[in-house]
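Next comes just one chain, in structure tokens: the form predicted on its own.
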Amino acid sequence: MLTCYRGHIISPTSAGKWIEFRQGAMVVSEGKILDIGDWQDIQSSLSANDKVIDYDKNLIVPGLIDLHVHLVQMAAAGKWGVTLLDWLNDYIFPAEIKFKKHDHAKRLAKWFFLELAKNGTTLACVLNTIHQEATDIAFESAQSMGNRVIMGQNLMDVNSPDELTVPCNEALKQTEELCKKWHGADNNRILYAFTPRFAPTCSMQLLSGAADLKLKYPGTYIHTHLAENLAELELVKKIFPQNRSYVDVYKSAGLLGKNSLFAHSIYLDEKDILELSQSGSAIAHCPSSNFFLKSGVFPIERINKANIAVGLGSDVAAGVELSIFKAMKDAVYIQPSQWISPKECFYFATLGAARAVNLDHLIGSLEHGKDADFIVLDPALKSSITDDLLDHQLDDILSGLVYLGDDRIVSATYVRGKCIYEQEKFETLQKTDYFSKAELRRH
């Protein structure tokens, strides 16, 4: 049996090309898109046994992709008044220490993955904790709840709190064990990333060890932070005086290359940018976090000119919301003189992000043969959006979504054709105390 979804369909198919079917239909079978087009053209090919789900005048768009987010920081969002290094020491490291408790790790992971789906995120690149058991619990939650993830155990072996420091060989052994267990689970819905936190808390041996493991296990990733904050850069110079730059530290360790994702990447010179471009590395731009911690302005013109793949990250908890809609609008707001068009913003949140993690052949757009990762949006659910938005031209629709969209307009979220979130059911779960956010913050 086929399932056909009716609605107003819009999707990028390249950096500059879009499709739009105002009375559209998308046919899905076994999690794959079999056909997409106008309802009048598609309905004749359906049989009486096929199922039609009519989303009326709601929008059907590709699922949003979050290229950089911290599960373990969910309960620490909104802690203000400091810059990166102080913020880590004062708020984030204490929050991460709590993940040694099994129950805390389990309940927060459930909250996190449900909230991702609520925000329309169909793929998240997730950084976890140094705790092997808690990371395993996170994978179990993603598997059971249907989320698509690229995720791994956090690695820190120097210059970090004792309770968050794992000796290099032990850390590499633990992360390899998790990789063997989870990489490629559910036919590659779950993928593994080796995630050294950032250069200041990692020895060169640990950085190089992570790079070696990526080579050992094809299709895995490197996911870490790069050049986010000026004080961080000074610390890297002090710890690694033999290296020309922060990028050069990672290059020396063998971390650059395809499937290597670097968050922030604000303070880069021309040689750094060339190294990232030539190696095929990608960047997770985290504008909300850069705003919140006053870290700096992402050099988007120079990065685009170098043809480096870029997507957006919410970077919770420095970004205070899981909403990629917020990241899109903040990406525009943080640029002092440059406009980023709504089409470009939405591309960074969908197909561009998929390209950054080399999954654009599977996700990021609604096209024949791709996985059916999509979300249903009802702009009327937010009072500040005009009732006739969907009657406007495509550019105006996208502008309304970028600047006014948030989790309130997400009606449903699908991964591989399976609905992992419906707004009405989520409200019911909240009323039955599915999780206690206050308790998660306390313990």
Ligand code: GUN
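Throughout, we count residues from 1 along the sequence that is shown. Computed from a predicted model, the values in this text were never measured in an experiment.
This protein has a second form, the form predicted together with the named molecule, left out of what is shown; the following refers to that one.
- Of the heavy atoms in Phe198, some are within 4.5 Å of the named molecule in the model of the complex.
- Among residues of the shown chain, Trp87 is one whose heavy atoms approach the named molecule to within 4.5 Å in the model of the complex.
- Mapping the unseen interface onto this chain, Asp315 counts among the residues with a heavy atom inside 4.5 Å of the named molecule in the model of the complex.
- Contact check for Glu228: a heavy atom falls within 4.5 Å of the named molecule in the model of the complex.
- Contact with the named molecule in the model of the complex, judged as any non-hydrogen atom within 4.5 angstroms, is confined among 285 to 293, 179 to 187, 207 to 215, 267 to 275 to 285 to 293.
- Just one of Ser141, Gln73, Gln153, Ser323 comes within 4.5 Å of the named molecule in the model of the complex, counting any heavy atom, and that one is Gln73.
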